[in-house]
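Take a look at this single chain in structure tokens; it is the form predicted alone.
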């Protein structure tokens, strides 16, 4: 995305949500929803609009796992790494997902089709291991569910 377009998107959301420091998180979410990620141009534009340092904005972006610094794949598969999912075989599912989807955890496949990301709780602790596929929760992920996920993101 061109820096001028990024600035335009940031200005639009700042106009809607305001310039208070407390608007940084809502602005980051809104801009990422529209652009797809938070790059250096977005950090600069938000910092200038909110009268914050770039370090302040960058610190928030890198602290929270939901913010991306690079574009995600066309499909995003998030696997829960919470203790309850790990106790139910989450590490095994994570390794199988990386093999089946052809992408390492925390990366986007070279064809841009799928990103595999960790998430640290989906709130489905009693029925794990769990995944979030393109924003849709999937509980009790096993080999069969993983195959269905792989088929869905291949399309």
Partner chain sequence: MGFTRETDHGTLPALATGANVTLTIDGEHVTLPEGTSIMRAASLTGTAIPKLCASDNLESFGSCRLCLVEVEGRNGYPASCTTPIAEGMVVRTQTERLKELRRGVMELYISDHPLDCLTCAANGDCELQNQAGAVGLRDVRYGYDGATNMGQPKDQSNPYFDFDPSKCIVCSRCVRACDEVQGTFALTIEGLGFGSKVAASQDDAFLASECVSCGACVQACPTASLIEKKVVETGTPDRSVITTCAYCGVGCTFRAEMRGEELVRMVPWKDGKANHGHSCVKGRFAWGYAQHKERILHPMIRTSITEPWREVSWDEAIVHTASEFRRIQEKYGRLAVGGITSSRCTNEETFLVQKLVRQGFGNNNVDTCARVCHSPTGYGLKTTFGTSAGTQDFDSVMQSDVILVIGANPTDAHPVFGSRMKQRLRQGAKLIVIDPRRTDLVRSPHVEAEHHLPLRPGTNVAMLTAMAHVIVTEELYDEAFIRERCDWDEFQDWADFVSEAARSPEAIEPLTGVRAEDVRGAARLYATGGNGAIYYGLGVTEHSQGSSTVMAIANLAMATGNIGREGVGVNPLRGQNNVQGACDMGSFPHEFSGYRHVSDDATRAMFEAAWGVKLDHEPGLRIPNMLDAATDGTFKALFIQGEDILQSDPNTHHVAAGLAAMECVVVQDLFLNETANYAHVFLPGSTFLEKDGTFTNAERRIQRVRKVMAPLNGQADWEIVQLVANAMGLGWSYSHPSEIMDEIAALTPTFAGVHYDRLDAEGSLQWPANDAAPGGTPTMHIDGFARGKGKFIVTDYIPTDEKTGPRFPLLLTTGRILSHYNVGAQTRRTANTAWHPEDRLEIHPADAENRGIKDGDWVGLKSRAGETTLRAQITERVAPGVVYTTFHHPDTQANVITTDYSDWATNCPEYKVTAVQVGLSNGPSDWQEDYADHARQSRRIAPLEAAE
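Positions refer to the first chain, counted from 1. If you're wondering where the values come from, they're calculated on a predicted model, not measured in any experiment.
Keep in mind the form predicted together with its partner chain is missing from the figure; the text below concerns it.
Asks: When the contact criterion is heavy atoms within 4.5 Å, does residue 51 count as touching its partner chain in the model of the complex?
Replies: Yes - in the model of the complex, heavy atoms of residue 51 and its partner chain come within 4.5 Å of each other.
Asks: Does its partner chain get within 4.5 angstroms of any non-hydrogen atom of residue 56 in the model of the complex?
Replies: So residue 56 counts as contacting its partner chain.
Asks: Although the partner isn't part of this model, could you tell me whether residue 92 comes within 4.5 Å of its partner chain in the model of the complex, counting any heavy atom of the residue?
Replies: No, residue 92 is distant from the partner.
Asks: Please determine whether residue 111 contacts its partner chain in the model of the complex, using a 4.5 Å cut-off between heavy atoms.
Replies: Residue-level check for residue 111: no, no contact with its partner chain.
Asks: Pick the stretch from 83-91, 122-130, 43-51, 100-108 whose residues have a heavy atom within 4.5 Å of its partner chain in the model of the complex.
Replies: That would be stretch 43-51.
Asks: Would its partner chain be touched by all three of 5, 8 and 68 in the model of the complex, meaning a heavy atom each within 4.5 Å?
Replies: Answer is no for this spot.
Asks: Scan 21, 140, 12, 136 and let me know which has any heavy atom within 4.5 Å of its partner chain in the model of the complex.
Replies: Looking at the other structure, the residue within range turns out to be 21.
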